Ligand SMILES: Cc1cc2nc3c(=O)[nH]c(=O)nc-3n(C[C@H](O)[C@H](O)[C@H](O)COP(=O)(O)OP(=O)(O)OC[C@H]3O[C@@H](n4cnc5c(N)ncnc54)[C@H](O)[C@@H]3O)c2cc1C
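Take a look at this single chain, the form predicted on its own, given in structure tokens.
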Amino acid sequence: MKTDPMSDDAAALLDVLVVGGGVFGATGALTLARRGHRVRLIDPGPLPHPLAASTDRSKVVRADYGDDPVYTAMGLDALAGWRRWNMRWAEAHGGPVYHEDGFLLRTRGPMSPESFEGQSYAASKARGLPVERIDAAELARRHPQWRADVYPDGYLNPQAGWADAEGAMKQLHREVKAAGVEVLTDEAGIALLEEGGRVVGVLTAEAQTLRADVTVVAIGSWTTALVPELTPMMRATGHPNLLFRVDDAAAWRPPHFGPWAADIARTGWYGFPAKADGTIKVARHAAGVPLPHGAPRTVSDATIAEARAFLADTLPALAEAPLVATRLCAYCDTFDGHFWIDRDPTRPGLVVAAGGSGHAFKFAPVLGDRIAAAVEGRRDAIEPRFRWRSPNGPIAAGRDAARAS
């Protein structure tokens, strides 16, 4: 090694150990391998890991981010990436992994310019995107499942949709291996190895010592178990996903019914069209519940009752539909809702790529470049709001405004 691998002018190829095979770990490992670095990826697996937030049947893909220019621009770049992935993966996947079915955003009352929906609509119009304002009469005509009297305003963004998250992760893992990454599953990192104040790898649960120039911790809601000093900055929270079954799946699929959000910044509720088996996912993007490491991933009866009450007021035909499955999705929440992609400023050799805060997966096509910038020490390429920071320092504006409190 001719240079310090964590210095700002580091140019040498590195031995990189990526701990975690979720969306941060997989995209980071793939990008680093394609840039010529020697990369190993470990995960307590199998991959995709069944408990990872990225292992899901569907995730919204959108660039609707209120008046936030950074996330909006990232979202548009990611949309282009999802389209490229579709072209590359369609045959292996048996169809697209990303479905550009649009995204319908509704408001309980007139869409005010100050609301998340109003700001997103204005920002999209300013960029020349083909968003369409839809009033109550048009909603009732085109999407009769909705209570148009309760949600009289909003808009449709046709350049958005949803991703088959688990399917996308399977394709990413396939590409990771094809790029030459050494993948070790059933291998959990339990402690960082340090020498002289520098992180030089991890100790695994199987008592293996895995050494590297740079160790990337990308284990989502488990991050603080390996980097406990981040406990004041991030925590694990649980968020309900519920699957309902309908008899007439065609009536609950595009163009009649697509991905949606119901005044999401206030209610937190959003959902997806029916899949071929007639199941519809309804979920909530809100504060969530504390999810200690190892806690059961169960959705409470109270939350289920709350979901049915919401549906009765929003999509009444779903209110009494059979509930066929539930899942508590684990967020790695940062204190300000922004991602955490940076080098540890006090311990060379350590990069953390986590803090998805419930809205990272849509950015999968552009996350790898940002993680590679941190690994390679290209400080100017790291988004300031994603850097190592403190709750006591300046808090960046522009968190995910779609998230209900």
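Residues carry their position along the shown sequence, with the first being 1. Here the structure is a predicted model, which means the values were calculated and not measured.
There is another form of this protein, the form predicted in complex with the ligand, and it is not shown here; the text below is about that form.
Though the partner is left out of this view, residue 19 does reach within 4.5 Å of the ligand in the model of the complex, counting heavy atoms only. Within this chain, residue 239 lines the site of the ligand in the model of the complex, having a heavy atom no more than 4.5 Å away. The ligand is not shown here, and in the model of the complex it never comes within 4.5 Å of any heavy atom of residue 63. Contact check for residue 331: a heavy atom falls within 4.5 Å of the ligand in the model of the complex. The candidate spot formed by 42, 53 and 218 lies fully in contact with the ligand in the model of the complex, as each residue has a heavy atom within 4.5 Å of it. Comment: 351 to 359 is the region of 31 to 39, 66 to 74, 351 to 359, 372 to 380 lying near the ligand in the model of the complex, near meaning a non-hydrogen atom within 4.5 Å. Of the residues 188, 312, 251, 140, just one reaches the ligand in the model of the complex with a heavy atom at 4.5 Å or closer; this is 188. Of the residues 222, 121, 269, 85, just one reaches the ligand in the model of the complex with a heavy atom at 4.5 Å or closer; this is 222.
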